[in-house]
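Before any questions on how it binds or moves, here is one chain, the form predicted alone, in structure tokens.
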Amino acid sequence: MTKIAIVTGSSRGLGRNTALNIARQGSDVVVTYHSQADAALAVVAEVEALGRKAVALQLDAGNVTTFPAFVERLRQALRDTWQRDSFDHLVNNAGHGDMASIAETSEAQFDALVNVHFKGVFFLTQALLPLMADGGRIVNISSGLTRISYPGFAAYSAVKGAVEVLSVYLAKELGSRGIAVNTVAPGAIETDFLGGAVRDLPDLNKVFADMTTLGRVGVPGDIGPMIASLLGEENRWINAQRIEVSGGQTI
């Protein structure tokens, strides 16, 4: 039976690249997006061009009150597109960046980061567990900034650290269902994160490139294949791990 993977925040950037690499490995994909429906539909078309099935569903990953309605839309999409009542893999990728020192971080900034990167991941996963097939996989996206520090990312890195601990507990509690859970922690990559700062600001790009052993920052194509590989049968024995994909950042 063909596997079905949900990739949150997959209308662009790292999520898009992950969705396409999952399709290249032979799985179908549920693409979620916050507001860019056209971009999500473009990803669906790219997945279909690879010979796989895909649907796009709107999801506000930071608003837990919307999750029951999302689950019902997902349930209907699974029935209509795949004639199934379950999916196999979940990649919790949706997120945003907010750079501010501890002294200057507002409560609103803090709450938004917690809601999207931790509370949302916790309760979306909880809401989806009844639809997840036994033997499935969960990959949560963290950050290289949980291992090293860089001024301005205290709140962001703290919630990503919480996700790393959550992954271990998910692995423990879901092991009886054969569900493996891992964390992938990218280093600095050229995406829309922080408004595209690493990609578009040469000085910032150089700062992170100089911190990286391989001499450059990453691109989505450095990360997406790694995430997709964790869903493959060949990596079935990897569980409860934090895997950094950073080109050797600050070693």
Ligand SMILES: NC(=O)c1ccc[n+]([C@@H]2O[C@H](COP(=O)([O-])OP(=O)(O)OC[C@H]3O[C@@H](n4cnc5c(N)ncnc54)[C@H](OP(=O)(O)O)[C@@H]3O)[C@@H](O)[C@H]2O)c1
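None of these values were measured; they are calculated from a predicted model. Heads up: residue numbers just count along the shown sequence, starting at 1.
Absent from the display: the form predicted together with the ligand. The rest refers to it.
Is it the case that Ser27, Lys53 and Ile179 all touch the ligand in the model of the complex, with a non-hydrogen atom of each within 4.5 angstroms?
-> No, the whole trio is out of contact, none within 4.5 Å by any heavy atom.
Among 171-179, 94-102, 76-84, 131-139, mark the stretch whose residues have heavy atoms within 4.5 Å of the ligand in the model of the complex.
-> Flagged stretch: 94-102.
Spell out, yes or no, whether the shortest heavy atom distance between Asp200 and the ligand in the model of the complex is within 4.5 Å.
-> Asp200: no, not in contact with the ligand in the model of the complex.
Is the gap between Ser11 and the ligand in the model of the complex 4.5 Å or less for some heavy atom pair?
-> Flag for Ser11 set to yes.
Partner contact for Asn205 in the model of the complex: the ligand, 4.5 angstroms, heavy atom | The answer is no: Asn205 has no heavy atom within 4.5 Å of the ligand.
Close approach of Val47 to the ligand in the model of the complex, 4.5 Å, heavy atom = Val47: no, not in contact with the ligand in the model of the complex.
Heavy atoms within 4.5 Å of the ligand in the model of the complex is the criterion; list the residues of 172-186 that meet it.
-> Sequence-ordered list has one entry, Pro186.
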